[in-house]
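What follows are structure tokens for two forms of the same protein chain, given separately as structure 1 and structure 2.
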Structure 1
């Protein structure tokens, strides 16, 4: 074979081998456990040819630590909650979104946008939102006695309450009961909240954030804090479980899609976000997980039984005193110190 033909043949083999063995396009998604119906990832891949490399975490802290360690690299999408969006954008760990690549952004409810943790939604897209309020078993507890966070201090709740294993949520209750913002950074407020929560500890049976609704259903606790979606699911199993929006204001939360700063597959990340913004996809997610969708067009498609349940979709007036958690900066050290002392019984 002449050299010219040999060179062409070698080039042909190289191109063929590269074509055959080239890895398919991908997007790396870091998400909460059990927080996205698996069939949706399969559908996305079938439609786009983009493989989703999916991994999970069980806390904002774990997600943040991993992305911080990798300096914003390693993942193309993540799902932080409100104050971690705030923290990560301030630390330069997030990539700005290209709204031109997100035509589905128009489907979002304006009431769920432009929140204090990300003004203008420069870095985040709301995925699901909800509230933290009070659960009470009305078979054993008079619901008229549980209308406010302050009612959790009643002596009849001794060793009967459940609190989440979440520092910011528990301190939110202490701060709001005292009339302060749940995001206070004032050392005096934090000290008062700690002392107030110390008085609550005799009523606390345990701290738990892992399927907390089951502890209400099995009767291990009579009342306590709970996320509204968990309360909705618990009520399906035990109609005696009621969800209360506290008079001092509920805690508002939102989980959000973000692109880490060092994402290697930006175009694919935007494609997956826009896929999740489709109304029919938002409907499937909200119905499967029983949390509120921020997608106004998706809400129109949701089963009326869920859509009209005020536990999941409360009227605006019930949320008027609600508050999102935001990053508290250096004050987090003081929060953490008091949290450890509180759980240690000091």
Structure 2
């Protein structure tokens, strides 16, 4: 091929890959509800020209069911908690991340990286972490009576509790109250936890994971299980709402950005992850939602009032009995069966 022709051929290839095969300027993000200030998505679009098609869910199970049904297609980003990262990567539902496209990865706190649910962070980027404990309105309930998960069974809470719509978290409480691991896979433990939780059901007013703090602020409920960030936000509106780290041990969680296997906008998904990894963006997210950030550079920028609040950044001794939820493998079927029966009042 003559030199001039080669140049034209190279130019032709460049035009073809850039303008014909370039990803459409969009990214489809499937996230927990009330888990991202949406103005940040507008900012991302204004900067990059990439439109974010955003939809939400209120439980890991709902997110997983949809992505599994679509065999990892349909979304470019999702936000599973630790145990679902583990499950989804083992089932081949996740796409490995290209760290070269994530310069902001260096901002993350090494203590939040390389966890057993995803060694080497091949598939996941920590977004926010926190604890699940007890919320109590001390104006209406003596706080001395609500120090342990076991206190939720007190008769005075009849039809008064709010629980998250979260199967693993509710079973965590049943299991830990009985002295078992919150991740037990032993069918006898699960049966006992189910029986124990059946006794709790008359005290449950409702299950909600969308914006649970609102139900405390409006006075609809006075106590229940809650994520620490939601308790912090409720406390901002009504100082009578307090967060308790239960005596038996709190539940520890971390939610993580992942790219489903069949994502069609890989480059855009990496761009959005990297945008969320910027320190100033991490700070805005952590301050708005009042959860702890795994982004060490963002934490340095967070309002000291929040950064020094032990409800959100608890001292190590408060976490000593805490436990992360991990993947329970095939036992998940038994959890799901008992969960359905509990909610159906069986």
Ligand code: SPD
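Positions refer to the first chain, counted from 1. What you see is a predicted model; the values in this text were computed from it and never measured.
Shown as structure 1 is the form predicted alone, with the alternative form given as structure 2. The hinge separating the two rigid parts that rotate between structures 1 and 2 falls at 306, chosen from 306, 266, 51, 108. Hinge motion between structures 1 and 2 is captured by two rigid parts, the smaller swinging by 17° against the larger on C-alpha superposition.
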